[in-house]
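The chain below stands alone and is given as structure tokens, in the form predicted on its own.
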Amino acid sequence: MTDSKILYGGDYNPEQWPRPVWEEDYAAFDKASIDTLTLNVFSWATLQPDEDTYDFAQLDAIVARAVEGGRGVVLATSTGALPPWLAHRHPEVERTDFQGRRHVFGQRHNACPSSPVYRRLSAELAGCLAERYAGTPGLVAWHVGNEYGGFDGGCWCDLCAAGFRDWLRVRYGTLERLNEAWNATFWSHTFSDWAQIVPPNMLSEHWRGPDHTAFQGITLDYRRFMSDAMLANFRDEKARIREHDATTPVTTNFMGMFRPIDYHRWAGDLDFASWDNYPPGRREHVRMALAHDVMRGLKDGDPFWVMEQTPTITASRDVNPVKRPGVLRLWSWQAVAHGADAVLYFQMRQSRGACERYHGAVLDHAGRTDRRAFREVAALGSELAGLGDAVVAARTPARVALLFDWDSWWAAEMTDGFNRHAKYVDTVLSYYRALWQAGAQVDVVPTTADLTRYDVVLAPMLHVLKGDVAERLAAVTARGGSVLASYWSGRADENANAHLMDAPGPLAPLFGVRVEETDSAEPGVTNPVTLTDGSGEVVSAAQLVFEVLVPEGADVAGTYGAEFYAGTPAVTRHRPTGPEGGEAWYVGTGLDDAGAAWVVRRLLDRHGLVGPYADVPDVELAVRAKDGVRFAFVLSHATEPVEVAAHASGVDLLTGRAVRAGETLRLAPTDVVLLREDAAGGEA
């Protein structure tokens, strides 16, 4: 990766256009300060017209033109979609879906990850590309595959069934251990031969859909297996690339909070994380911030890339609104503020046909450079060029951690008996939103992360409790820190079996509470929870989940106001090591935003971690730092102008204006200030 500036550009497909159009494109790229092009993402059929033939003539010309134009090149391996000849000659490479239907050629994400033919040919193609293009001037990264997982996240064919059985043999060693892990005596499921095990889908363990399974342990393991099977595909290609190129970083584009694949299982194999940012709505700035932080957390805080975003509209939603003026710039700077060292687009020029022909692009079908969208792209490119390397490789100085766990996501959402309207990401997002609005700098990390550098640790809906996470959370409070867990936490072990003790299981001693009953209600049904700590109170309209709590050492911080358990605890605070030690908060219900903010503010206040703009709605503060210098990004997601007092002195690197601590910053909607703080600048 380059360290000269934030990379800017994106997915370019000149193979779809005649050579004269290429020259128009490069002239436009110059106007927009486009410096990096992702090439060759979906060209397998052109590169390899049959199993025994390779043809690199067109790609040679495409790469040569990029080099001639002085662009950095992200070279993809083209293995994200099969060529027709491969599916025709080897039909077993096609996926079988969750319904049990064998697919024929079409779309993309269409390869079975367990297919020996696919694994052989995809790796061979990656190796041939690396052999040919390693050492290309300006080659900044290899891009393996594309958006692994697809629309339903995997395959359920006979090859995957065999692969699953092999994976289980490695995990459990014996059928006795497997049967114990899956609680197989239930419903006469005891397996006496590995061959009896089949993938859990609509033909076997499931009904109604992926989240309704008779055996959570079986489905949980299959999701882990499928995540690992696709990781094996990535490893196949990376290994062949490394035979010819030992140093150029290798990545693949993730999809943020994408449920089918546990990105933490992949993190160690990526040289850097990258992801495609397509928020599902117009006001998604907090969700995007969370997704950025999830991606940054994959590599222990190292910078990541935004590999794709749209300059204007997507093409995949039922409704595809255009980005309003200034929003592209705001969202791009938000990505940089949270750790992105590259901001790239899909796509450089709109395709003339197929399903993404109206997906937004730097250049539309007419190739115009005088439209609003292009002007905004060019203005942002100029800003990034002017910034240079100031924030490249800078890291987020976070003292707050939020645990994000795919196992808990998977297990909680396919658990019977509670409330299927309670969603893992929604729960995590509610606490992240409170942290975001409070201006806290947050690392979103796996449950295996080192927690010793954090003063505050939040573990919302940590349903699956595995390894030594309970002990490490207790260690946070033992040294004076604060932790929080929410409803359904500590309920299951790594096999999705219940802990044979009061909930929250092994977390109970830390939080000083036990769950006596768990009530649920339909969306829209609320129970008023009064939160108080002696300095004022808030009434939160709690919903969905209502755990009846019995304190066993904890103090009551919130009580229910309705139902037969009115007056009983809903939120507790425990000081497990005494009044001078840390605090452990347990929230047994789905607090609304005001309630979650009330609790989170108390954790942050205790450690002086509330930011300077915490009381200004929709004004975001994100900080990066390197070599002792802090860079504070102040971003206005507000819909009306706001005024704030500058938290520190420094220079706004986007305007060159000197800023004094305490002076009024007038922020219009979508405004961005990038303050290089003076050495004596304030803390945030």
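We number the residues from 1 along the sequence you see. These numbers were taken from a predicted model, which means no experiment stands behind them.
Note that the form predicted together with a small molecule isn't included here; everything after this is about it.
Here is the short version: of Ser332, Ser540, Asn253, Ser486, the single residue with a heavy atom within 4.5 Å of the small molecule in the predicted complex is Asn253.
Note on the partner interface in the predicted complex: the residue among Phe258, Tyr358, Trp85, Tyr278 having a heavy atom within 4.5 angstroms of the small molecule is Tyr278.
Proximity of Glu308 to the small molecule in the predicted complex: non-hydrogen atoms within 4.5 Å are present.
Contact annotation: Phe42 falls within 4.5 Å of the small molecule in the predicted complex, judged by heavy atom distances. By the criterion of a heavy atom within 4.5 Å, Glu147 is counted among the residues contacting the small molecule in the predicted complex. Although the partner is absent here, Tyr560 is not a contact residue: none of its heavy atoms lies within 4.5 angstroms of the small molecule in the predicted complex. Shown alone, this chain has one stretch from 509 to 517, 588 to 596, 492 to 500, 270 to 278 that lies within 4.5 Å of the small molecule in the predicted complex by heavy atoms: 270 to 278.
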